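Next up: a single chain in structure tokens, the form predicted on its own.
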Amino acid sequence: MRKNTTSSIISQLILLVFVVVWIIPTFGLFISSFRDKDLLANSGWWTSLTTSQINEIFRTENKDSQYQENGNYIIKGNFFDNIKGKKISSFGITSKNINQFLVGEKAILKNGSEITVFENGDYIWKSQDSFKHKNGKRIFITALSPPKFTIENYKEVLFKEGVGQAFLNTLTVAIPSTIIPLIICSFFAYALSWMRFFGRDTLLAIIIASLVVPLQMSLIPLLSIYNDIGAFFNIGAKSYPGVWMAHTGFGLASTTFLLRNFIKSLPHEMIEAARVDGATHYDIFIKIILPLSVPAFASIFILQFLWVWNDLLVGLVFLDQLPSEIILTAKLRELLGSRGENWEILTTSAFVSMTVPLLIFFLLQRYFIRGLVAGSVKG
């Protein structure tokens, strides 16, 4: 008894570790998707609720902004464009010592001019001679920035970067690519489980063998076949029906195998009693098999949907990379190449791509484990 208790505690601790390892990055991505882009580039998500210290480089106004006052030439301005909340703690005029001066102190430049920077970002640059700088003076700032959250990242990602359209395109691909193989394989799995016909065992062996065939080996031959069919019917293979059929074909073997294992585990006596009462195979399937197989259907729906939703390779091969067809994973790859330094774009886009799989999983999670382990044991 004590040994069983110890084993149970260890199992729960291991499970807890896996849960924490999964939740922490997801939570960090969620927080990062709402953070201001300046803070996101300079500090981690774990500092999102605290005041962060960031180092930035600004330039003063150029010579066109100068005016005379009491015999001096003066340039005034604000580095933060009057953004509230940020506070400067120190500044410098060279990269060798970016914290050389405290706010309010006067920094003397080589030409004899002096510049003073204040806590709120205001600065005053004074000189006895007129300013000649075309680009202004570069100032290094160390500032304290309070926590800041915004939905501007989502507005930019969904409406300006095209992720919103890619999100809808991925739904257009994923939903039919999940439902079609599930419908086909449910009938197929029942036939392999409870119907007797010539070559049934051979057919099952072929299905199991096809599970080990790499996806990459069949992509190009399958695309060639689709192109030939498309040319015959005057339609293109690179279309939504083409990618639906591709995902259906690649998912048939695994979906049939899992469903067959579950349906085969149902009580044999119940099926025989229905046959004695005169029920046809169709009646047995609709009235008995389907209601009892909800956990299996839910778990397989989750697995197929997640595979299609996260797919990149099949989407690249069977769809054009146009705004009206590009899927979410391909769009993220495109953003990673063109906007690799814009972390606010990438984190927000990544979390958008996670929303639907998370929603699907939490809605159907009570069936998930029950459906996966069903059929693994008997008795």
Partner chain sequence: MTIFSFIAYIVLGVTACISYYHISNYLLDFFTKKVFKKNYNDSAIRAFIFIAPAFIVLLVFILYPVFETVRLSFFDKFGREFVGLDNYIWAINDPQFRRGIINNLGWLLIVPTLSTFFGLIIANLADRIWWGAIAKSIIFMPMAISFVGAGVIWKFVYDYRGPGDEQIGFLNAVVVFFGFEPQAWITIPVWNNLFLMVIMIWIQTGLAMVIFSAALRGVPKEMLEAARIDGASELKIFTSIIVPYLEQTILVIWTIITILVLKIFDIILAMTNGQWQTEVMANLMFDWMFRGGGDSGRGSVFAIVIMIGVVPIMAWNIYKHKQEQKI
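Fair warning: this is a prediction, and the values are worked out from it, not measured in the lab. Numbering follows the first chain given and starts at 1.
Below: the form predicted together with its partner chain, not depicted.
Segment that reaches its partner chain in the predicted complex - one of 149-157, 108-116, 184-192, 122-130, heavy atoms within 4.5 Å:
Checking each option against the 4.5 Å cut-off leaves 184-192.
Taking its partner chain in the predicted complex as the reference, which of L49, I57, L322, L313 has a non-hydrogen atom within 4.5 Å?
Of the listed residues, the single hit is L313.
Which residue, L290, M270, I206, L102, has a heavy atom that falls within 4.5 Å of its partner chain in the predicted complex?
After the contact test, the surviving option is I206.
Counting only non-hydrogen atoms and a 4.5 angstroms cut-off, does R138 reach its partner chain in the predicted complex?
R138 lies outside the contact set for its partner chain.
Might I220 be said to contact its partner chain in the predicted complex, defining contact as any heavy atom within 4.5 Å?
Looking in the predicted complex, residue contacts with its partner chain include I220, since a heavy atom lies within 4.5 Å.
Find out whether any non-hydrogen atom of Y240 is located within 4.5 angstroms of its partner chain in the predicted complex, and reply yes or no.
Y240: yes, in contact with its partner chain in the predicted complex.
Would you please decide whether P295 lies within 4.5 angstroms of its partner chain in the predicted complex, comparing each non-hydrogen atom pair?
Because no heavy atom of P295 falls inside 4.5 Å of its partner chain in the predicted complex, the answer is no.
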